[in-house]
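Only one chain is given next, in structure tokens, and it is the form predicted alone.
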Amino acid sequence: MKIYRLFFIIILCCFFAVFMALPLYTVLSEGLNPAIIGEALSSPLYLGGFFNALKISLVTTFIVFLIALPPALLFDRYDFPGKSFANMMMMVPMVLPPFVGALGFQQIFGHYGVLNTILQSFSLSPVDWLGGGGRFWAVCIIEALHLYPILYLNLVASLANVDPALEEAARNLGAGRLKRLFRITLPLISPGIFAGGSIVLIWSFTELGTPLMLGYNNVTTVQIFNGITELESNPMPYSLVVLMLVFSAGLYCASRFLFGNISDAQMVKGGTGRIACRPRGLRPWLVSGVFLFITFLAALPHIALVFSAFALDWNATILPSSWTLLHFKNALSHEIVLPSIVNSLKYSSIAMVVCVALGVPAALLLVRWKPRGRRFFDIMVMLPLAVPGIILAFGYLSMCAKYQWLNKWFDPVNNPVLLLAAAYAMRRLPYVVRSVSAGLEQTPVALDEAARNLGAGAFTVLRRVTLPLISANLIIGALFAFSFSMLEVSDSLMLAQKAAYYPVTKAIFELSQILGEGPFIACAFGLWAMLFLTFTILAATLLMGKRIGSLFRL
């Protein structure tokens, strides 16, 4: 093996050893205490938190499947007005973390919110939508409306690889639409269902921001968050994290067993592919209406957020009764807002550089170099997608608490800059690897070989041939790494403990907890974040099209 390849493999393994293996080892070594685990499992409080987290993940994934499947089938089979814009519309929910969208959701479903105002206008009694079990359903709905694009993109990509001749043969044998769907189409796209569904399942099981924002505290993630101040004296948070890690791994394995029996190799694309047909009459507009309706539902929390950002008074009215720009002024003048923007730019820029520096060679390793143990490296670089962010963040805190010498560089209290940047980079590295890998797979190896035959060295070929050819994919990966790092939730809420080091999402959360105008200032600040990520998503979708779904695969 060439020396530079060996050097990179060593660097990559060291990075994962410090920022993936060591945090997980610290959590496991502290949390694998049978007595404490037994206490957690026997406690009605903690056991209830686990069951609530599990119920949230299962219900959310089911809702996501119901939302994502119909538009994916329509997109694959029909030509309709605005089809080229449909993918971008379906990405709308990803422009803001769901915990920020919860601010808008509360304005719609609160006791004096929009929905109750409409009910009262018809002389109906108001409903306590967010009381009792309402908070559970609110968490599930918000997370489902945020996560369905992940499954939708994977379904669209999987349907594009299905040979239409198989469905045609079933129809010729007398199979109806539903029978073809359940007996032919769904089994063939099960790898796509697994690829997107497993991410949704694990993500919703370990989501911290949404239940925390809605005050749904009887769930494991919030219990872990509330226990981070007692790491050195209370072992219970460690055991909760261990149990969550075991549950996450179990959910992943169970979803793979249930949905992943058919491999991608069985998804054989036909020679001509499916030709989208255009329905007659008003049907094309009805298909467009399906996409508009889903996008509208998903955008409702964001719309409410925008209105709240400009609202001077919005109480017991359908729309704000008066408007103002005061919240934006107050947001910019608040002592934690501008520093949080600077902090997030700093953390995210460092994370982006690290992701690109490690992601490009990692993609080359997987696609071009293909050393022995390639499968191991593929699993390793994709592992951050399967390991929940809250578990990694807790692992970093426990790692720094146990190994005091690490605080010289990674002090979560007095100087968390490098720790937050490393946490962001670890979480977003898979997106860069997937994006660059997609570009390398579409770039002929013969071009690199021709340059080498003309005497160009390995680095010259990389700089003059390979990188220019995959520049669009590299830009997409870097944009995703930077923008999603700017709006990272779990790491930001747990690792930034002093106001001077708050990133954007931690500042939004702290503002939302201030009584009075605090939530409105948080909405104004969240609007800026929403616009920032909207630009990133639209740019990535325009450049990658259907292939953007490959970024969200385990």
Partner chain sequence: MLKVELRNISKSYTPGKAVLYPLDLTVNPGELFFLLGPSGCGKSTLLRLLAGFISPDTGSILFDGKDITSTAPEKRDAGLVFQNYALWPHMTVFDNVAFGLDTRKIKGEEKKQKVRAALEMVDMQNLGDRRPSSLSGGQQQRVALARAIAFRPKLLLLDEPLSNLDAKLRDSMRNEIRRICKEAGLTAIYVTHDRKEALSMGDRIAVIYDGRIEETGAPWEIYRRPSTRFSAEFMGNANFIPVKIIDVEPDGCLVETSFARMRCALPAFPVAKGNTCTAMVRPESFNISTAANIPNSFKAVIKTMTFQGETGGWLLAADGCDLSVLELCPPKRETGGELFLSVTPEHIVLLEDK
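Positions refer to the first chain, counted from 1. A quick note: this is a predicted structure, and the numbers were derived from the prediction, not measured.
Beyond what is shown, the protein has a form predicted together with its partner chain; the following relates to that form.
Chemist: Counting only non-hydrogen atoms, which stretch in 412-420, 479-487, 71-79, 457-465 is within 4.5 Å of its partner chain in the model of the complex?
Modeler: Heavy atoms within 4.5 Å of its partner chain in the model of the complex occur in 457-465.
Chemist: Is it true that Met380, Leu383 and Ile391 each have at least one non-hydrogen atom within 4.5 Å of its partner chain in the model of the complex?
Modeler: None of them does, since no heavy atom lies within 4.5 Å of the partner.
Chemist: Of Asp313, Glu230, Glu449, Asp128, which residue is found within 4.5 angstroms of its partner chain in the model of the complex when only non-hydrogen atoms are counted?
Modeler: Checking each option against its partner chain in the model of the complex, the one that comes within 4.5 Å is Glu449.
Chemist: Going by heavy atom distances of 4.5 angstroms or less, which of Asn453, Gln404, Gln442, Ser322 would be at the interface with its partner chain in the model of the complex?
Modeler: Only one listed residue qualifies here, and that residue is Asn453.
Chemist: In the model of the complex, is there a heavy atom of its partner chain that lies within 4.5 Å of any heavy atom of Leu469, even though the partner is absent here?
Modeler: Within the cut-off, so yes.
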